[in-house]
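Okay, so we've got a single protein chain in two different forms coming up as structure tokens, structure 1 first and structure 2 after it.
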Structure 1
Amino acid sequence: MPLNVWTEFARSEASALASTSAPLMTLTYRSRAAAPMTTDRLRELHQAASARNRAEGVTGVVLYDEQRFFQWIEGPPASLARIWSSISQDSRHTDIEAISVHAAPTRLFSQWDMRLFTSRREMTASMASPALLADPDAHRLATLAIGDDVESARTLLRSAFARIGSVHQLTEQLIEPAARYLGDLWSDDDCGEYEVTLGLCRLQTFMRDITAGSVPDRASDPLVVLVAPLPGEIHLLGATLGAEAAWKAGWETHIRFPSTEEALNKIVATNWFDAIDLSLSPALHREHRLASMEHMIDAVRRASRNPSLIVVAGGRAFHDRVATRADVGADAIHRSATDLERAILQTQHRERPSSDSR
């Protein structure tokens, strides 16, 4: 972006920041160093930034890696606006691209006026606390997943998996929070629904890359489980993660994407299932779909070949406690796909008929 256009944009971001009523805001951006930064130049930048941030009550992290900057700053809106105005006009970097600006409930980096990292690995390693780690990584993953640099998103996820070592934790710490961040970007008008959907599709593809090839032990008398997004739900990531969890539990897992209520009812009328997991978007609350979820759950029970079908519901609405089990008439809900196994098992109190009479 030419400097004058950029300066205009930065000014409008700064005035938007300054006029907000939220007590705490965060801003993230990426940029490219105008020239390679020597250790001395980085130290000088870091010292000046830390001193000014301390005076302004701003905290955050800056990563300098391969001549690129990524920075996360948080603080009172007016302070952030002043600092952002300086940063955005600093000739030491160029191609400055604001990734997100939004209100934050709490600080993530309250202990750092400005922590400088010079490699991604160092940054990830020193943010060892899961809460701290999950948030910035999930945020970065979400923003990368809707940007042009898809490979960086894939790399981030792969290296997180190498570090965390479990699909279960990767889902809970990174994928699902990233999906919710995408939803937050949408509700803050920082991206459109198309981008949320694109980001979720990409997360789903990356997860498939990671889980492909893993074959869990089959349970001795496996439950037969159907995993499906609620008909009409276009965000399929929740169902993919649910299927992964059911598969991991050693169950006979079927994943389907029925586009209508009739199609769903036909599936359960013609096949035996012990349980069905119906999911809403993992990114958005979908309050307007809750009544129809309740209706479809009632209908699916009546259509089911198994009269004791266990019905479990998932999605962001349940994670954020916007909706309860009773609101939709499910037997159980899960707040994360990783909780699906527990949700089904705790409900499985009825006698199962033998496999030949199913």
Structure 2
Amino acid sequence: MPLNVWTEFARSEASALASTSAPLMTLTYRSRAAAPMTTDRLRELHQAASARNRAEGVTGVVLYDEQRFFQWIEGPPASLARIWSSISQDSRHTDIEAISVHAAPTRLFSQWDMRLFTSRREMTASMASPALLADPDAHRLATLAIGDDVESARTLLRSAFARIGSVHQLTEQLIEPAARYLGDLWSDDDCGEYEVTLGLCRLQTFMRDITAGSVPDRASDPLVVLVAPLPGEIHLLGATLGAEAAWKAGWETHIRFPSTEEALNKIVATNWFDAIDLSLSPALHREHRLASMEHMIDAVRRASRNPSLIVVAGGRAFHDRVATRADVGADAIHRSATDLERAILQTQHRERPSSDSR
């Protein structure tokens, strides 16, 4: 985003937020250091930025790696406007590119005036939600998905897909991080579960728009895979993304939304499946549902026509390592729908029955 375009956009955003009781905006940008930064120069930059942010009520993080800067700052619109003016005129860096600027419901880095990282590995290890930093638009997408401007959310996702060029990467870098951020907003009481459900439904609809019309190559001997949310799970985005991943793998993919355990067992008792993917919410941990998931996986194995049925599980509880494969009795888990194919193939340790026996 060119500097003058960003400035106009930031001005309009700040004006719109001026009447709110606690306006908050987020800005992310990247740039290139005009010359390699020594440890002493980085320390001086960090100290000055921390002091300035503290005075302005701004918080954030900055990464300096391979002579490139990436910075995320958040605070009152007027404060960000003053800081941006200083940043854009600083001769210590060039090729300044504003990535995202938008209203935000809450801060991500309230504990830091300005945290400095000098490697991506260090940043990833320290961040509670590193995926948001990998693509800052995930934060904005989540906010737009529960707001009134639905078309802006759709446009943002389409633009990201045009830039990324891969449904696989779009899912991992944008859709799933946005879903988890919605869950974080709920856990912080910044929105209700209704808003989370609405946001996830919208993300699901947007993804369908993007993938409509694409036809993957069919595998020569495709696995037959059932993808379903755990009965009683109202958030269906995880199952939708899992079905997309299985379909992209060239497998014969069936997606069902059973409302009860009995309905799920009937599906596997009357149809042949090589594998089943059961999902919990991609936004919320759902720890209270892990025991029922273990029970249902055991019941599915007993009901299945296939005695060697592969059972994998996904959801935020597994992404955040709240639960493991052993906790629910699955053959494998996946922390992202993009990892579903690997999870199933890794557990395919027995020879599949011939098609005649199905």
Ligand SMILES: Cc1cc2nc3c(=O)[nH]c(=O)nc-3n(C[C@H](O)[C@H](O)[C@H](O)COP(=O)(O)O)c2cc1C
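Rigid core: the largest C-alpha set superposing within 1.5 Å between the two forms. By convention here, residues take numbers in order along the sequence of structure 1, the first being 1. Everything numeric in this text was worked out from a predicted model, so none of it was measured.
Taken from the form predicted on its own, structure 2 is distinct in origin from structure 1. With the core held fixed between structures 1 and 2, residue 324 has its Cα displaced by under 2 Å. Relative to the superposed core, residue 258 undergoes a Cα shift smaller than 2 Å between structures 1 and 2.
Positional change of residue 160 between structures 1 and 2 stays under 2 Å at the C-alpha, relative to the superposed core. Core fit done between structures 1 and 2; CA of residue 58 shifted by 3.2 Å. Core-based alignment between structures 1 and 2 gives a C-alpha movement of 7.2 Å at residue 72.
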